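The chain below stands alone and is given as C-alpha cells, in the form predicted alone.
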C-alpha cells in the first residue's frame, strides 16, 4: 500500500457500462495531469456476471495495479441471472458489492446504488459489520433513480461518476468534456443533467474520509491506450497491410483494432472460418509480397501449428500474436495466465526455427511488435508476439511522442527484378530460392515474390533443394536444416548489437534478484523498490526475448546475485524451466513464486513471497505457490 494515490474500483454486471465508464474516468484523470493504470476483471458472459475495473491514479508514473483499492462504486448487476438459479450462483445482483469486500482498504469509501440493491438484501451480506470492522465510509445513493429522472436507468453509471467526483472533491470539468465529445443531442443533455444532479446530491452528504486525490501535470501530450492498441499500431507502422483471423478472447481486440484501421492505409482484413485458415491465408499474403499477420489465443493458436510449420519450412516471413488466457482447453477465457510459453515455443513439427518476443508493457508492445516484423522479414522466419489478457485490456497513459517513429514499409530480403537476373538459377530456369550457402555469406537466401520476372520457384512443406523441388538427399537435408537453424544465432547477434529487449531495474549491485517475463514486470519492479526501501538488497531483470534466448545477458545477471526468485503466472514454472534449459545451470540458485488463480500479482504479494523465501517461512497468502531451488 502506498500513500497519495487513488485506486477507484467500479463494479457491476457485464452490460452495465463498467468498461466504458472506467475508460472515461481514467481519461479524465489523465487530462487533469495524473498518471493512470487500469486493471480489468470480467466474466465469460456477454450480459450479466460480476465485472469490475480498477483505475489507479498518481502524480508519478504508474506501472502496476496497486494493493487493493480505496474507493468502491458498486452499481450492482442489473443483468443478474433468474432468481431461481440463486441456489447455484448466489445472488448475482449483489456480487459487485460483497465480492469486493476483501480488497477494500481500511478507511475506504463504499458508494452503492440503493436504487438497484435492496436494503434487506444488503443487510444479509454483512455490510454493516464489515464496515464497522474496517472503518469504511458507506454511502448508499439512489443512482438508478437519478438516472431515471432524466431518461434511461443505464445512465446510473454517469450518476456514479458525479457522486464519486463530489465525494472526492474532483472537478466535473473533464467529465463534462468527455460527455460533450462522445455524445450529442438529447443523450448529451441527459447525461450532463445526471452528472450534475448526482454531484449536487453527494455534495450534501457529510463523509469524513481521508482519501486525497493527488494533483499533477504532464510535460507533454499524453495518450491512453491498451496493449492491444500498441501491438496494432506497431504492426501498422512497420508496414503490415494484411491481417486474417477468427475471433477468440483475448486476441480479438488486436484483430478488431487492425480491422478498423487497415482499410485507411490500403490494407485488407479478413475474418475466416477457423484459425487454420487464418494463419494459412496470412502466410499466402506474405508469400505474395505483403507484410502480413494473424493470431489467436490458446486453443485457436494450437490450430495454427500446421501453417506455422509450413512458414518455417518455406522460410516465409509472418508475424503471429498469441494472447494467453487461463487454460487448458477453454479454461477461463477472460482471466490472465502465462501458461502458453512452452506451447508457443515448441508447437508445430520437427525442429522449429522461430522468434518469440514477450512484451511486458504497452511501450514494449509497440516496439517489440515492430521488432518482430523487422526480424521476420529480414531473416525470413516466423516471429511470434506472446502476451496475456492482463496487457490486452489494461490501459495506461504514455507520451504521444513514443509513437513518433518513422514507418517502415521495407519488405525485407526481397530481390528486385534486376537483382533476380544476376541471381543463381537452375538450368531449368527456376530461381534458386533456397541456396545452401547464400552469396553474401549469411544464412538468409534472398527471395522473390510471385509476378517477378525469372523469379519462379517451388514452395513446399517437404524438404527441398535450392529450387524448391522435393528432396530427401541426406546432404541437402543437413545443409538446409543447418542454414535455417543458424539464422537464430544471427538474430541473437543482431538483437544484442541493435535492440536490447531486456529491462533492468534496481541497483547495479544487489544480493538478491527477481527474474520476470511478460506482464508481471511492472509489478515486480514496484515490489523491488519497496523491498529496497525496507532494507533489502534486491534488483530485477525483465526478459522479453524468449527465442532466441539472451543467454549472455541472463547468465551475467544471474552470476551477479546470490539467489534469484522467478515470478510468473502459471503452475509449472515454465519460464524458469526455459532459463535452466537454455543456460544449463543455475537450477540451485533459482526458486519460483507462482500464481495461477486467474488474477495477476499485486506488489505486496511479491514482497511477501520474496521475504518468505529468504526467511524460509511459509507463504502467508494461499493464492500463491513457492517452489524452492533445486537441492533445497
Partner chain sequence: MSAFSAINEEREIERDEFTPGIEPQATWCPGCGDFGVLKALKQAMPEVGKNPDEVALFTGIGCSGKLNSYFNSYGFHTIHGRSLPVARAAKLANPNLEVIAAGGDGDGYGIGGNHTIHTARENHDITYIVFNNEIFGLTKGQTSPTSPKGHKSKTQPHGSAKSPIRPLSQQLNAGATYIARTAAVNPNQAKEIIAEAIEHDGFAHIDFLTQCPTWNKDAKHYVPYTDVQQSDEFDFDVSDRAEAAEMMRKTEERLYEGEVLTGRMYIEDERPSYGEEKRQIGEMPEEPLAERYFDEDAEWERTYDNLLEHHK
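Numbering follows the first chain given and starts at 1. Just so we're clear, the structure is a prediction, and the values are computed from it rather than from any experiment.
In what follows, reference is made to the form predicted in complex with the partner chain, a form of this protein that is not presented.
A heavy atom within 4.5 Å of the partner chain in the predicted bound form is found for exactly one of 381, 165, 109, 236: 236. Interface residue among 170, 510, 211, 414, judged by heavy atoms within 4.5 Å of the partner chain in the predicted bound form: 414. Among heavy atoms of residue 314, some come within 4.5 Å of the partner chain in the predicted bound form. Heavy atoms of residue 280 reach within 4.5 Å of the partner chain in the predicted bound form, making it an interface residue. Within this chain, residue 41 is remote from the site of the partner chain in the predicted bound form, having no heavy atom within 4.5 Å. Residue 558 falls outside the set of residues with a heavy atom inside 4.5 Å of the partner chain in the predicted bound form. In short, of 383-391, 266-274, 114-122, 340-348 it is 266-274 that has heavy atoms within 4.5 Å of the partner chain in the predicted bound form.
Highlighted residues 288, 406 and 428: every one comes within 4.5 Å of the partner chain in the predicted bound form, counting any heavy atom. Scanning 432-471 for heavy atoms within 4.5 Å of the partner chain in the predicted bound form gives 448, 449, 450, 451, 452, 453, 454, 455, 456, 457, 458, 459, 460, 461, 462, 469, 470 in sequence order.
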